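Next up is one chain by itself, shown in C-alpha cells, the form predicted on its own.
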Amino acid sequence: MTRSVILLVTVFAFSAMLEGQVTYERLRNADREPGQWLTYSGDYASHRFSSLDEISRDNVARLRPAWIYQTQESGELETSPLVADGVMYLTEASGAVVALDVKTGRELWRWSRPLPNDLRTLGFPRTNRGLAILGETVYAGTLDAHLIALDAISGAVRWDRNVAENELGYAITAAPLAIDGKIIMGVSGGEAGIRGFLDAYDAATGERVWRFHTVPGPGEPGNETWGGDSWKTGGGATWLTGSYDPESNLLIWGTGNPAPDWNGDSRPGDNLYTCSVVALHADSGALAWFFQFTPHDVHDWDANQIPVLVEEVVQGERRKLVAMANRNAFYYLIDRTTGQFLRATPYAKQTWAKEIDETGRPVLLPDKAPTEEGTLVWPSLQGATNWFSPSYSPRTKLLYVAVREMGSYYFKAEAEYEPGEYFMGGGERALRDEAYGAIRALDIATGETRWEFKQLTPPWAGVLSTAGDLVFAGSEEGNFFALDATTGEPLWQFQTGGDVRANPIAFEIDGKQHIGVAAGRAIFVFGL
C-alpha cells in the first residue's frame, strides 16, 4: 500500500470517528453520554462527576494502565483532556494541541504555533489547561493571548483571533467554554495590572460578539468602588473556565484578585468585580448579578475556583445554587437566580475573618493586612484551594475538594505600574514546613466536613467522583489514587513518576470505563 493510500485510509477512518458532530445539544446533555468527556468540567454544571460505575469500590484494586502518551514539551502539564467519538484531545504546556486515538494513544495530529521570544507570563507558569469542542472544531487559547479554532479531523487552523495584547501581560491558560454558537474565553494577567474581561466569540467566524469588563469603567455601576484611575490597572482576570446554566442562559464565572495584589492603598473601596462570581447573560454579556467573596482583597485570593451548579434544599426551600469552595478558605452557597448570599462555612484554617455576616461580607480581624515586616495569615496566597477542580457527586451529596493547609507571611511594598511588568506591591513567604494537604468531602447543603484524607504536601491536582462511589485525586509526590466516596478510605494508588497537577476524567473505550489523568509529562489512561 502506498503512503498516499495509507494517508487516505487514515483520514477516512478518523473522519468516521467524528461522524456525529459535537453539537450544542450534546454538550447541554453531556450527562447522557458518560462514555464521552465533552467539556472541561464534564458538564455545564461543572460537577466533574461520571455516571459510569463499572470501576467500583469492589474492583478498583485491579485498575492498571491501558496506555501512556508521552508529551513532546517540557513544562507543567495541567491539561484536562476531552474525549469525543473515539478521539482524545489535549493541550501540552505551551499550548500545542494533540489528537489521539483513544483506544491506543496513537497520535492522529498535532498543532502548535511559535510563541514570541519576549512572551509575557507574569505570575503563573507557562501552561494550558484544556480545550473546547463544538461541531467539528476544536478551540484553544494560547499563552500570547490568541484564540484558535482548529479542524477537529485534521488540526488545520480555521481561524485565529488576537484576544488581547500579550505585551501588556494578557495571556490565556484556561480552556474555552463552548455554548450555543459561541466560544467563551477568559484571560490571565492580574499580576501585570491588566483590566480583566470575559469575551464571547462567534464559533463559526471568530468575530467577537461581546466583552464584559470585570473592572467597570467611568459611568458604569461599580466604578465608584475604585479610587482615581486605579480601575485602569485593576486586575480581575478570568483565568479559569466557568459554568453555564442553559435554562437561564447565564454564564457563571469567577474573577481574580485586584491589582496591585498586596498593596491596596491606590485602590480604596471594594474593587468590584474582583474576587467575585459574576452571572452574565450569554447572548449579550450583560451583568445579571454578582457576589463578591473578598472585598478589597490584599492577599491575592482570586475567586477563580470552579463554580459548581446544584439544586438543593437550603433554609427550607429548594433552590438553584452556586456552590464554591473559595480560595479564602470559606465554602459558599449563592442563589443562582438572584445572586443572594445564603451560607458561608470555613472548610480550612483561616485567620483573617471573624465570620461572614448575614449579607455575605467578611467581618475582618484586626492587623491581618500585609506589612513591611510581614503579617502571618492563613491561608497562603495560593489559597485553601486553587484552580484545580472540585467534584460533586449527586449520589453522596458531597463536594470533594483538594485542600491546601498552609499559612504565609504577607509583605507590603510600593507598587508602580509599568506596562507589561509585575504590578504586585509586595510578596509572601510561605510556611512550607508546616504545610499539608487533604481531600475533604463537604456536605453540599451545609459545607460541613464529612471526611478527610490527608496528604503529605498541599496538592495541585483536581478531583473526580464516579457512580462507582469512588473519588480519584493526585499528589505532588506522583501518586494517583482512588478513595471510597462515602468514607475517604484509600482503595488504590499508582505511582506515575511525576507530580500530578491536573484534573482526572472518565470515559469509555469500546464500552469499558477508563480513567485518564495528566502527570509529569504524560497522559495516563487506566482500565480494568
Partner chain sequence: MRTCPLVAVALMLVTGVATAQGDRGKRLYDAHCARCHSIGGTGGEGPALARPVLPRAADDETLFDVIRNGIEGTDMPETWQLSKSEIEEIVLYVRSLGRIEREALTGDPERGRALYEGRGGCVVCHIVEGEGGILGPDLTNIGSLRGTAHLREALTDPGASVLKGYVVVRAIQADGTEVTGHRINEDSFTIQLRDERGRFHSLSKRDLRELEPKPGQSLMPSYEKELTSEEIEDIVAFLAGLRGAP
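Residue numbers count along the first chain shown, from 1. Keep in mind that what you see is a predicted model, and the values were worked out from it rather than measured.
Although it is not shown, the form predicted in complex with the partner chain is what the next lines describe.
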Based on heavy atom distances of at most 4.5 Å to the partner chain in the predicted complex, which listed stretch, 104-112, 405-413, 308-316, 230-238, is the contact stretch?
405-413
Please state whether all three residues I68, E73 and E92 have a non-hydrogen atom within 4.5 angstroms of the partner chain in the predicted complex.
no
Indicate whether the partner chain has at least one heavy atom within 4.5 Å of a heavy atom of P379 in the predicted complex.
no
Quick one: does Q455 come within 4.5 Å of the partner chain in the predicted complex, counting heavy atoms only?
yes
Contact of M424 with the partner chain in the predicted complex (heavy atom, 4.5 Å)
yes
Quick check on E78: any heavy atom within 4.5 Å of the partner chain in the predicted complex?
no
In the predicted complex, the residue from E247, D367, D433, D118 with a non-hydrogen atom within 4.5 Å of the partner chain is D433
May I ask you to choose, among N29, S56, T486, Q493, the residue with a heavy atom within 4.5 Å of the partner chain in the predicted complex?
Q493
Heavy atoms within 4.5 Å of the partner chain in the predicted complex is the criterion; list the residues of 428-446 that meet it.
E428, R429, D433
